[in-house]
Ligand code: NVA
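First, one chain by itself in structure tokens, the form predicted on its own.
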């Protein structure tokens, strides 16, 4: 049976930890693996992208493969062809399919009919590839994952959900802090929900945030900014965390809104390492999944 990477739950706990260790090796020697030599990977972007586009395209190339990048409107999907037919045709040509889209059901349907691995590069519900990079960044910063405490502060969105779902399986305790009306719905078991951001970050090793207005939320932008203003990650909030705590942000960032410029560009963050680590973590994932494809 073809294995996909849709929510992150497809990896066993020991596989997740091993993947992060493999990503460290690939980062140290980016051209050591030729896992995709002579093979192609389809990368479908139905939503705008900077980090995902660059990291996957460069990563496939570093693994010796050919990235087939397809933007919105470039597939017959835009003219009504079904996801089922798209999955069947793509599977005849490539060894994996990555897709960045809105409805999570679209990724699930694509995976249902594809005979090669399908990778969720982002949906409105999940962003598992981002969390792989986050875990790699924590492993680098602290030398371990087990026992770390991460406090996500802000909108309870797809990134918050993926952090709560995946990070604990590598030994990271996750707390999510959001105002009423913006909290994480159906949180995974064991997720700690704390409305007060100051209480949420107490003893945290990591403060994590994301934009307040995600794609599709533009019509409620003013209300979101008003409700989430007390959840800004700034020096004062960092001071309430554990000694040596770091700030993370999946980007793009809006300095002065969800994160202060002092933190975004200061010495107490690992945000730019985190952005680079998308490539290395995703290469480890591609290497793993491609090894299972004949």
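Positions refer to the first chain, counted from 1. Just so you know, these numbers come straight off a predicted model, no measurement behind them.
Beyond what is shown, the protein has a form predicted together with the ligand; the following relates to that form.
Work out which of 175, 157, 137, 91 lies within 4.5 Å of the ligand in the predicted complex, going by heavy atoms.
Only one listed residue qualifies here, and that residue is 157.
Quick one: from 111, 170, 211, 148, grab the residue that has a heavy atom within 4.5 Å of the ligand in the predicted complex.
By the 4.5 Å heavy-atom cutoff, the listed residue in contact is 211.
So which of 140-148, 203-211, 67-75, 183-191 is the stretch with heavy atoms within 4.5 Å of the ligand in the predicted complex?
The contacting stretch here is 203-211.
Considering non-hydrogen atoms and a 4.5 Å limit, does the ligand approach residue 122 in the predicted complex?
So residue 122 counts as contacting the ligand.
Answer yes if any heavy atom of residue 252 is within 4.5 Å of a heavy atom of the ligand in the predicted complex; otherwise answer no.
Residue-level check for residue 252: yes, a contact with the ligand.
So in the predicted complex, is the ligand close enough to residue 224 to count as touching (4.5 Å, heavy atoms)?
Judged by the heavy-atom cut-off of 4.5 Å, residue 224 is well away from the ligand in the predicted complex.
Are any of the heavy atoms in residue 127 no more than 4.5 Å from a heavy atom of the ligand in the predicted complex?
Yes, residue 127 is a contact residue.
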